[in-house]
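Next up: just one chain, as structure tokens, the form predicted alone.
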Amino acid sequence: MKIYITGYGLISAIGVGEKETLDALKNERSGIATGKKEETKAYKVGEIALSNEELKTKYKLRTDGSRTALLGMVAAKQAFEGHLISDEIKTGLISGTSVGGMDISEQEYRNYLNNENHNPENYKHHSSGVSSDQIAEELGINDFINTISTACSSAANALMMGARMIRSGMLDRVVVGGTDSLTSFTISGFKSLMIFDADWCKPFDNSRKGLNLGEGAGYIVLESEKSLAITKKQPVAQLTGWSNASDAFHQTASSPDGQGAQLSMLEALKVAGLKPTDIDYINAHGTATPNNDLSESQAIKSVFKEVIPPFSSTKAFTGHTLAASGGIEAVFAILAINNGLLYPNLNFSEVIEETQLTPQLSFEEGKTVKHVLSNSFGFGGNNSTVILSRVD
């Protein structure tokens, strides 16, 4: 059974929607800068300039929610635009997030400490699942709603779960992706791991020091052939391959040899019925941490041998958007396929000593891009790979 993609939407530090995003990518304009908010001002982050109230007003959001939920609504509404709810089509939403409504909880706790208008009712936004419910409410979806929280692989795993539910006949159509906002909790957590870069991150560079965090959301709409026959939507791409594999090496670090990443990529290729040589571009996880980029480089070499396709990390544009990254980068993959694009790996100057791999260094147009492999790796060795392909 084929899994078709009939819609996509995203919001990140480089823009909202396709036009703004492509303009930033083409002009190699990063969205990473010194943060403007109290919790981000000491760091280089991929921060979205719009406030919560501006998001609600500009994008006509009816549903209240945390910043995580609001960002998700903006991207999911883009993806689901023109998709009508029908009793004939079982429609679901599967959303990945790592922080949920943490931003509201943090503000309420500050109010409590300062004796300022503390409202305990607002803690109800805290649960990750609440943001999914609110996004689904905004879209009018109620057949099935689920939340995945597997750190940085969450959105990719949402894509996989959606595809499996369509194949099993449990759903006909599903909105899948992820959303995350920047919070004090997130920043403090990554600071404790000592994997921040005080400057702009350098994915796959020998002198890389760590990541820049970001916020955003990305969603795509998956449909079965049955659903397409009813909706008459025009597919923009296909989800052809997916896999999740755990290397169970460490609570936060990837295995040095990239064993889990290798398994994930190989199994995704098997599901898609493709050979490594069929892949035209790899959107790598590429967090710019010493551990991840070495591990992923080793895995890419192991899977693709001597014929390594163009690869790059787009996190030097958006920052690492955590649970949202697999959704945002799935949209990047669709744009690459439909426009014949390869994206540059910003801030690169020197190959990693152990692997000697050079990523894609410039924005290129007019390329033949039929199949894109996208990696998303989470803490605990939760490695996920999806493959997006041109419509036959």
Partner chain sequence: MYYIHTISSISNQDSFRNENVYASLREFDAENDVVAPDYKEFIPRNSLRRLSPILRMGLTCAMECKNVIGKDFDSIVVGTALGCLKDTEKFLNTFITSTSDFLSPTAFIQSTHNTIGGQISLGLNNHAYNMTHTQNNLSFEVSLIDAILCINDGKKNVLVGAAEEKIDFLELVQPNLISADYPLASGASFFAISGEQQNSKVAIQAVDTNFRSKNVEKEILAFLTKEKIDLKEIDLLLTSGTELNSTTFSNKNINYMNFTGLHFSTSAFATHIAHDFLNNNDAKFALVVNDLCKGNLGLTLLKKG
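Since the model is a prediction, treat every value here as computed from it, not as a measurement. Residue numbers count along the first chain shown, from 1.
The same protein also has a form predicted together with the partner chain, omitted here; what follows describes it.
Colleague: In the model of the complex, which of 181-189, 223-231, 297-305, 310-318 comes within 4.5 Å of the partner chain (heavy atoms)?
Modeller: Result for this chain: 181-189.
Colleague: Which one of 78, 291, 246, 238 is close to the partner chain in the model of the complex, taking close to mean a heavy atom within 4.5 Å?
Modeller: It is 246.
Colleague: With the partner left out of view, is residue 106 within 4.5 angstroms of the partner chain in the model of the complex by any non-hydrogen atom?
Modeller: Looking in the model of the complex, residue contacts with the partner chain include residue 106, since a heavy atom lies within 4.5 Å.
Colleague: Applying a 4.5 Å heavy atom distance criterion, does residue 116 contact the partner chain in the model of the complex?
Modeller: Result no; residue 116 lies far from the partner chain in the model of the complex.
Colleague: Would residue 129 show up as a contact with the partner chain in the model of the complex if we use heavy atoms at 4.5 Å?
Modeller: Output for residue 129 is yes: heavy atoms within 4.5 Å of the partner chain.
Colleague: Taking the partner chain as it sits in the model of the complex, is residue 198 in contact with it (heavy atom to heavy atom, 4.5 Å or less)?
Modeller: Although the partner chain is absent here, residue 198 would stay clear of it in the model of the complex, with no heavy atoms inside 4.5 Å.
Colleague: Given a 4.5 Å distance limit between heavy atoms, list every residue of 144-183 close to the partner chain in the model of the complex, or none if there are none.
Modeller: Heavy-atom contacts within 4.5 Å come from 144, 145, 146, 147, 148, 149, 150, 151, 157, 160, 161, 164, 165, 167, 168, 170.
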